[in-house]
Every structure is written in structure tokens, then in C-alpha cells.
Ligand code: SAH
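Quick heads-up: it's one chain on its own, the form predicted on its own, in C-alpha cells.
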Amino acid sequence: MIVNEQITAYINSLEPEQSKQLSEMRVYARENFIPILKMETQSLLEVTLIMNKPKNILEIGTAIGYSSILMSGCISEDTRITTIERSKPMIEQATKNIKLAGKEEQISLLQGDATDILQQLVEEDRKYDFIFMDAAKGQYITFFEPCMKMLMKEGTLFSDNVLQEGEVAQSRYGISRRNRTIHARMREYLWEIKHNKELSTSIITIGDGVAISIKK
């Protein structure tokens, strides 16, 4: 936990009631150990979308479709969301949830490995003014280059889970051996988005850590 649990619980207690579908999806995710947006991160994402008014959104990591459906409620009807997922069980559940939400026309689910799909999108010269990075943490640095090629000027790169519950700030010897590669790669990613001359980035200690980057 990065932020005091009591403060986080209080902040979350102020949240207005969600739609029935999103509430049920959150319960499903909790019962099936599926990681989705933390409530406090969700609020930040919603506010960022409302401020930026994007027209083309790319999401890397669909899971059960929770964040795609959430984002669709913060944007205009003509804004399109492209989301990528490789897990077949997640794809099946996300497809069902997107259809239930009546968002099939607004949300396009691309099935397969994100590395391959991102390269394909680059080759197709796709452009996005908002990219939501919410996939395997060890792959963020791999996804960075194609995302930068597709991110429009003044576009936003919103990266979730970048502080790994605070582990990223620890010495590599202070974490379990199995997590050291992810730890090193996330540190590399954070260094890159903070020092890349094309970006202006703020790293925020909310939820599991969020980085918001604007392309200059």
C-alpha cells in the first residue's frame, strides 16, 4: 500500500454509486482475483478523460472490459476505443460485458499479443490522442516505442500500476528474486518517461501508482 489505508478508504467512501453493470463487474473481478482499476485510480482516469476529450483511445490490457466500459461513459459518442487482450478467458468475458453495455460500436477488441498488434497498428499509421497502459508491468518498456509512434502531439499516455505497491522504490535485493526482472524493467520505463524529451510526465502516488505523460 503506497498511501495510508485509512485515507484511501475515506476517499473511496466519497465515491458516488456506480452503474449496476460496473458494480457487478467489480464484484466479479474481486471474487475471481482479476485485477481491475482501483477506485481512486478510476476517479483520476475519469477526470483526465473529461478534461482531455480524446477522440481515439488505445487501451493495452482489456481484462474483463471494465475500464473500456468505464471510459466509454466519460467520452463523447463519436470517440472510439481500441483495446487489446490476449487471454482467451478474458476476451470471452470482455466481449460479453461490452455487448451487455451496448458498446460494440464504440469499443473494438483486438485479440492477440500486444507486441504484435501494436506493431501492426504502427504499420497501419494509426494515431491516438489517449493511450491507457494497463497490461503486464514487465512489458511497459517494450510497448513504449510503438505507443510513442502512435501518440499524437499533446496526447496523453496514462500508465497504471507503475509503483508496484511501492516495491519499485526498493533496492532490487529487497524484493523477491522472481520479481526482480519486472522491478528492473519498470524502473527503466519510469526513467524513460521522465527523461524522454518528447514527454512531460507526472508520477502520482495514488492507487498502485499512476504516471500521466503528455506528448509535447
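Note that the structure is predicted; figures quoted are calculated from it, not measured. Sequential numbering from 1, following the sequence displayed.
One more form of this protein, predicted in complex with the ligand, exists but is not displayed; see below.
* Listed residue that, although the ligand is not shown, lies within 4.5 Å of it in the predicted complex (heavy atoms), from Leu49, Cys147, Leu37, Ile57 -> Checking each option against the ligand in the predicted complex, the one that comes within 4.5 Å is Leu37.
* Which residue among Ile81, Ile84, Ile98, Ile131 has a heavy atom within 4.5 angstroms of the ligand in the predicted complex? -> For this set of options, the contacting one is Ile84.
* Partner-proximal stretch of 123-131, 100-108, 138-146, 73-81 relative to the ligand in the predicted complex, 4.5 angstroms, heavy atom -> Flagged stretch: 138-146.
* Using the partner position in the predicted complex, report whether Ser159 sits within 4.5 Å of the ligand, counting heavy atoms only. => Ser159: no, not in contact with the ligand in the predicted complex.
* To do: Find out whether any non-hydrogen atom of Tyr189 is located within 4.5 angstroms of the ligand in the predicted complex, and reply yes or no.
  => Contact with the ligand, no.
* To do: Using the partner position in the predicted complex, report whether Ala63 sits within 4.5 Å of the ligand, counting heavy atoms only.
  => Yes, Ala63 is a contact residue.
* Asked: With the cut-off set at 4.5 Å between non-hydrogen atoms, does Glu92 touch the ligand in the predicted complex?
  -> No, Glu92 sits far enough from the ligand in the predicted complex that none of its heavy atoms falls within 4.5 Å.
* Going by the ligand in the predicted complex, which residues of 96-124 come within 4.5 Å of it through any heavy atom? -> Residues within 4.5 Å: Gly112, Asp113, Ala114.
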